[in-house]
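So this first bit is one chain, no partners, the form predicted alone, shown in structure tokens.
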Amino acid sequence: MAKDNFAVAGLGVMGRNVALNIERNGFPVIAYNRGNENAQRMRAESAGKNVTVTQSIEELASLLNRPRRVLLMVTAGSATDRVIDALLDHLEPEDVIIDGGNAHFPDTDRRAMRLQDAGIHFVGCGISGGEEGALWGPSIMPGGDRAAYERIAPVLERIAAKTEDDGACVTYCGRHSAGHYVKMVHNGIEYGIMQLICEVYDVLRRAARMETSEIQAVFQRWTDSPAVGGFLVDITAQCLSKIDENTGDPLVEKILDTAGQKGTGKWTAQSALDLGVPIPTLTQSVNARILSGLKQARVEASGILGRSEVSYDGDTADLVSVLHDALYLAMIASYAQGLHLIQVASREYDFGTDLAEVSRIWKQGCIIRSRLLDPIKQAYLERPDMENMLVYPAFASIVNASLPALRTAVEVANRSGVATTCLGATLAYLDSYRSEFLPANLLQALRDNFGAHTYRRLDKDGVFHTQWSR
């Protein structure tokens, strides 16, 4: 077997496509799956290629050159632990295991500690791009032991998406579980932007009473927008254009309005709460999905709770322009919240993550790729330690110019009875963040009143407590 061979364990769609990507880029692949169905499918899809398919962990280990490199593409959670358990009987010190699943970052830390005791290196590696990205070039976010990363970097750099000006969309994200943490927040930003897009669609549909074909035309124009253009807007236009073969109606109108989630958005919100970082746009996107799941309750409530919606009667073109600028600002806020969270986590957990590099590797391959990421990268190159990119001059000017549009968009939605869970949360976040004074003074008085929690004063140093009832 060739010297630079590489193993992929787990041959679902993502695993098969990553394996084919690795082979196409010049590295012989040992592909493992215990179950017969996926193994047989891999054999069929890799016929004539430099891929050896096995259903034996022992054979996988015996075919790999040392130090072995094994990429796990299995379901996050207990399935990952089971494969690691099986590998441990056949691997040796200095071998490298890479977890390419959507693992929760504390699990990655736990696995790394366990494997360290056996002398085996562990790399938690976020991979974004879906099925097509896995095959033709994803954005790759590895973290963990730096020496282990260097051993796998030649493969990752070859299979990653490429930018015209910034190289391969892979970088060392930092120590410990940094790779999976960055991927988790990537998914949190993805949740936020998708919900923002859906709310814009809903305002156009329910407030402006536009047909799906008209809304599709709006998003189609926005695919070329230097402000909001990016993968998620591209596929929004694509989804809205699809026609149901049976009815001739837009397919999106036939889809049940309940959304699922796999946990990464929730983990992002939970981590932000743990670290004390406000990410309301991203957190509310999780709540929006949870609310969507209450379909029966919502149907019942719609017949009980009064509705006082008022259709938008202004110029539709004006509303479209307002919503474009509102979406632009809310997308910027989504990236700002996510990157702020990564920055705080990097300090708390000793990741050493470079936010300019994170922004660079998100420019292609991943789900949240957009035209915004190049100026975001430039901002962090100039000010790597800034707390929030919203205060960077280029973005501050956009906030100041676009805030009236966001406010108008939320007002139109409110009058029309259209829920803007994330647009509204973004507006509140921006209004709070730019406020020199917030009503937490009263909050502290209330806390001190009922619980003697004390407070500080604006006009003198010290900690104070008051007997409020006297």
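Given the structure is predicted, the values throughout are model-derived calculations rather than measurements. Residue positions are given as counts along the sequence shown, with the first one as 1.
The next section is about a form of this same protein that is not shown, the form predicted together with 6-phosphogluconic acid.
Please state whether all three residues Ser128, Gln261 and Thr264 have a non-hydrogen atom within 4.5 angstroms of 6-phosphogluconic acid in the model of the complex. Yes.
Just one of Arg111, Arg205, Arg289, His324 has a heavy atom within 4.5 angstroms of 6-phosphogluconic acid in the model of the complex, so which one? Looking at the other structure, the residue within range turns out to be Arg289.
Gln195, Thr80, Ser359, Asn187 - the one with a heavy atom within 4.5 Å of 6-phosphogluconic acid in the model of the complex: Looking at Gln195, Thr80, Ser359, Asn187 one by one, just Asn187 meets the 4.5 Å heavy-atom criterion.
Could you confirm whether Met210 comes within 4.5 Å of 6-phosphogluconic acid in the model of the complex, counting heavy atoms only? No, Met210 sits far enough from 6-phosphogluconic acid in the model of the complex that none of its heavy atoms falls within 4.5 Å.
Taking 6-phosphogluconic acid as it sits in the model of the complex, is Ile367 near enough to touch it, meaning that at least one heavy atom pair lies within 4.5 angstroms? Residue-level check for Ile367: yes, a contact with 6-phosphogluconic acid.
Just checking whether His180 would be counted as a contact of 6-phosphogluconic acid in the model of the complex - the rule being heavy atoms within 4.5 angstroms. Heavy-atom contact with 6-phosphogluconic acid at 4.5 Å: absent for His180.
Going by a heavy atom distance of 4.5 Å, is Gln216 a contact of 6-phosphogluconic acid in the model of the complex? Heavy-atom contact with 6-phosphogluconic acid at 4.5 Å: absent for Gln216.
Only one of 380 to 388, 326 to 334, 268 to 276, 128 to 136 has heavy atoms within 4.5 Å of 6-phosphogluconic acid in the model of the complex; I'd like to know which. That would be stretch 128 to 136.
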